[in-house]
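The chain below stands alone and is given in structure tokens; this is the form predicted on its own.
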């Protein structure tokens, strides 16, 4: 007799097990496709950008808020980013303390320092990029080695040398220190930009009768201008905000104090005037913000070209 019992809709046991094994795999595949989808990746990137912006912008907003708070409200609870009322007494205190003189001194030191750094590093980077001479690699290594040494470690011998040369309590001594300390990194950075410029431009300029300096001035400066802007902005920020060397060299010469030393003056042995410190910090940040806003297109262009060609 034949077995005429109806078959179940679930199929054979082998087919059922196969379907059960494929279901988790397909779910994992769909989940992986969702996670790696362009829209999901873009959303994750924007979330990371938002977190980074909040992380870096919040301290600046807090400093601005602290500078505008009335006395006694700085450490109020619960915390409020916006002050209950606007008070400009901290700014008046900073102005009376001589913030205008500090800004003028910082501007002069920054202009002279960054100008000296570019004046030395641009020709040096051009020479390292274009010339082949004995000891070139070793000299590049020495330049990089000097960049790795922190100025704080050698502050005592630097002070001795500056005192012997009569450069303490002078603006020239501080500028020379900045040029000597920040030039090695600038040379390495600019050399990478010069390496991206084709040598054919040099050959064409030499055929037209240009010497080495004319080739650098009239032919190569334009292609490496974004790199020069990057180096200029980078050194401007470092020079403007530097404190240790400036305090060491100009400590007893109050008429030459920079903005970083001026902010330090509001810190006392028995307490700190945080509202005045915040106000001086805001005033000291404004020139850097204006410089960056004015040169940001060159800065971004230099970073992009350096990352693509370097």
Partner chain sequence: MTDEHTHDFRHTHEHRRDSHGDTPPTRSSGVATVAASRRVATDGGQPRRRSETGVALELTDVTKTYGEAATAVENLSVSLREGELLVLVGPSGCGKSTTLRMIAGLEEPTSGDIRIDGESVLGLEPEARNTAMVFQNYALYPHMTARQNIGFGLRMTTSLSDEEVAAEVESAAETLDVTELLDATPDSMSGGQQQRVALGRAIVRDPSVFLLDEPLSNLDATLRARMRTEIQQLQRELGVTTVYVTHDQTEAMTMGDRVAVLSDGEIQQVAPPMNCYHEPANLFVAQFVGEPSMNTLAMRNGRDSFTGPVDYPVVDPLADAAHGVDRVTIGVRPEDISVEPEADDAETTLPARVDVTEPVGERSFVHATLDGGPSVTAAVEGSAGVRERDQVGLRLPPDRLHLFDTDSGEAIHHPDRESATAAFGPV
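Positions refer to the first chain, counted from 1. The structure displayed is predicted, hence computed values, not measured ones.
There is also a form predicted together with its partner chain; it is not shown, and the following applies to it.
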Taking its partner chain as it sits in the predicted complex, is residue 200 near enough to touch it, meaning that at least one heavy atom pair lies within 4.5 angstroms? yes
Does the 4.5 Å heavy atom contact test between residue 229 and its partner chain in the predicted complex come out positive? no
Can you check whether residue 96 is within 4.5 Å of its partner chain in the predicted complex, heavy atom basis? no
Taking its partner chain as it sits in the predicted complex, is residue 92 in contact with it (heavy atom to heavy atom, 4.5 Å or less)? no
Single option in 223, 192, 115, 83 placed near its partner chain in the predicted complex, where near means a heavy atom within 4.5 Å: 223
Report the residue, out of 104, 88, 207, 111, that has at least one non-hydrogen atom within 4.5 angstroms of its partner chain in the predicted complex. 207
For the heavy atom contacts within 4.5 Å of its partner chain in the predicted complex, list the residues of 137-172 involved, in sequence order. none
